[in-house]
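The chain below stands alone and is given as structure tokens, in the form predicted alone.
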């Protein structure tokens, strides 16, 4: 039987950690799968769909998470709600999924961070959208803090329309005030190479019980370090990155993994990232 083939597509794709993570997940599950990366520009996507349809499945990153949808037969409920796909399962039906929300929720759960109460999400881009929708579905009290009040308002209005009874407001990051059960950073502030920056002031951070930072390079941002120094629980984006890959394997093969194996993979992925990049 020929080896099943999988891939991650995006543009640019050079710094992706996906091949390392997914190859390890196939090994842990004792599943036979070849996993590659494919740099596909927006102009090439339509031309290469037949090539992608030959794969058993694939992952999608920027800039194709929305553009891939017209080429699929079906979306699961979360992908339909978000209008975004990061995992495809091929077969008689080409079905799209989004595993980013599951990765986020598992990262919080395995770190012992509750997803409830008053939550502030920093940013209003693609990553922020994921976190705001999940907070709305979890019936949290949401504050979107961004550099652009207009963009934050647009996101708040969209989520309120799709998730009835959402309790949500927005403000500028510079105006952020109050006590929060969880702060979620969905901006690139603090990412390598500008790793000495924080998206919020130390004063604002000191009033947050728990912190999640979507950045995974560096493994511990200044935001995470200072949150821990304050006595807060805090987790970075590498945990989410690995857990969303785990969910993709559950979709493809129904694979199951131990918490210990995934914790080790999160650590090994961080070591590999430092080695390569």
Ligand code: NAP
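Residue numbers count along the first chain shown, from 1. Quick caveat, the model's predicted, so the values are computed rather than measured.
Not on display, but discussed next: the form predicted in complex with the named molecule.
- Checked against the named molecule in the predicted complex, the candidates 211, 52, 241, 60 yield a single residue with a heavy atom inside 4.5 Å, and that residue is 241.
- When you look in the predicted complex, the only residue of 215, 247, 40, 234 with a non-hydrogen atom within 4.5 Å of the named molecule is 215.
- Of the candidate stretches 201 to 209, 180 to 188, 134 to 142, 156 to 164, only 180 to 188 has residues whose heavy atoms lie within 4.5 Å of the named molecule in the predicted complex.
- Proximity to the named molecule in the predicted complex holds for none of 64, 85 and 89, with the criterion being a heavy atom within 4.5 Å.
- Residue 108 falls outside the set of residues with a heavy atom inside 4.5 Å of the named molecule in the predicted complex.
- Looking at residue 117, you'd find every heavy atom of it more than 4.5 angstroms from the named molecule in the predicted complex.
- When the named molecule is considered in the predicted complex, residue 94 lies well away from it, no heavy atom lying within 4.5 Å.
- The closest non-hydrogen atom of residue 112 lies beyond 4.5 Å of the named molecule in the predicted complex.
- Residue 173 is the only member of 156 to 180 with a non-hydrogen atom no more than 4.5 angstroms from the named molecule in the predicted complex.
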